[in-house]
Structure formats: C-alpha cells, structure tokens
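Take a look at this one chain, the form predicted alone, written out in structure tokens.
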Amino acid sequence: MNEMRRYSPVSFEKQPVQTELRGLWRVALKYPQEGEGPHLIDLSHKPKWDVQSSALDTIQPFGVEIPKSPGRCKLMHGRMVCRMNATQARIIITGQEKNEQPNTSEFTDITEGHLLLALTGPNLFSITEKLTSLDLQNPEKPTPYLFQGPFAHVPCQVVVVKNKTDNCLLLLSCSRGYARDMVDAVFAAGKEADLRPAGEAAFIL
C-alpha cells in the first residue's frame, strides 16, 4: 500500500537538487543556480491555521497574543500571528514545524488548502508594483504587516516582513487553486530582476 503524501500546489520549471521528507511533505531545500536573489520560495508545507471567534482578543494561539488592530502581525518563536479583522486571524508557523495541533473549534487547519510563497532579496518592490496596487512599501506601517487584496489579480494575503531596499521579505498566501497562475505571474514580473526559484534553506527571517 502506498503511504499517504501531501503535495504542494506549487511547481517550478527547475527541479530541486536537494529535498527532505518532512512528515507527509516532500520539501525542496535547494535549487540549482539559486544565486544571490531575488528568490521565490515555496513554503506551502508550513502549517497554517485560520482562527475565528467573536472573542478573538482572549485567544493566545501557541502562547502568542493576537494583535489588537487589523493588519498588525506579531512574530515570536517561529510563529507569525496576523490580525485580519475583528473576528479573524491567521497563523503561520515560520520556524521549524511543530506537532502542535489546536484542539478548539475556533481553529481551522488550512495548510493543505492554501499555498504559501516567500519573495526574498533586494529590490522586490520593483517586482511587486507590477502585480498589485497595494502600498506594500508604506514606511508608516511597522513591519511585519498584513495586507489583504488582489495580488496578480488573485485574492491574497501579503505579509511584509522586511521592507528595506536591500533586504526585503514578503509572504504570499492564497487558495491553492491559484498556484499555477500566481507562480507564472510572479516569475513573469521578476524576469528583468532575474528572479529565481530557491529552496527552503534560503528562507531566513
């Protein structure tokens, strides 16, 4: 009998040169000729949860307090918690995956249903301005910060983790059904900047 496997909705033209089996996921660690960036990294295997509650301010997922204001994010101990609105938050495990599983009705595991991409490297905003009208480089917003809106014409959540010209990091999440269109659009926009695929080993917070 074949063992169950989880498969990322994301695929790049190049094949990884180093992978690792992690739980049910085959994780790409390194791609050929990654260079110095900018890079597009598939992190769809990272655990993700949606949290919904009318008493959202009383919940501390994995010991991290949910920010009070929509759009604000908090990163602690490899866990990113983003406030989406008055009753909803999003959790992404950005560090080493844990076996922790919330066991209350407020949490919904969306790992399988949503892709997660990281854009990292210098001058990313010259790429993203071709894909969205969201003001991702707004200097008045303290990082990390969540934007919700169209990205490459796809309903998307975008977390700006780092916004320095020479050191940018964005996390992009949307429904897995948009994976091919999203990846194609990002690579097309990043062609002039020599955007390349990279493995998880290039993802550094």
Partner chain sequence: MSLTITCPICGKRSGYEFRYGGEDKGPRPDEDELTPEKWFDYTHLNTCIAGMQKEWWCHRDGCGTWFKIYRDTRTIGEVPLPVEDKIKDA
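Positions refer to the first chain, counted from 1. Everything quoted here is computed from the prediction, not taken from an experiment.
Missing here is the form predicted together with its partner chain; even so, the following discussion is about that form.
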May I ask you to state whether N85 is within 4.5 Å of its partner chain in the predicted complex, using heavy atom distances? yes
Does S53 make contact with its partner chain in the predicted complex, using a 4.5 Å heavy atom cut-off? no
Is N163 close to its partner chain in the predicted complex, meaning a heavy atom pair under 4.5 Å apart or at it? no
Are any of the heavy atoms in T104 no more than 4.5 Å from a heavy atom of its partner chain in the predicted complex? no
Among 167-175, 133-141, 58-66, 38-46, the region lying within 4.5 Å of its partner chain in the predicted complex by heavy atom distance: 133-141
Hey, with its partner chain in the predicted complex, do P70, Q148 and P155 all fall inside the 4.5 Å heavy atom range? yes
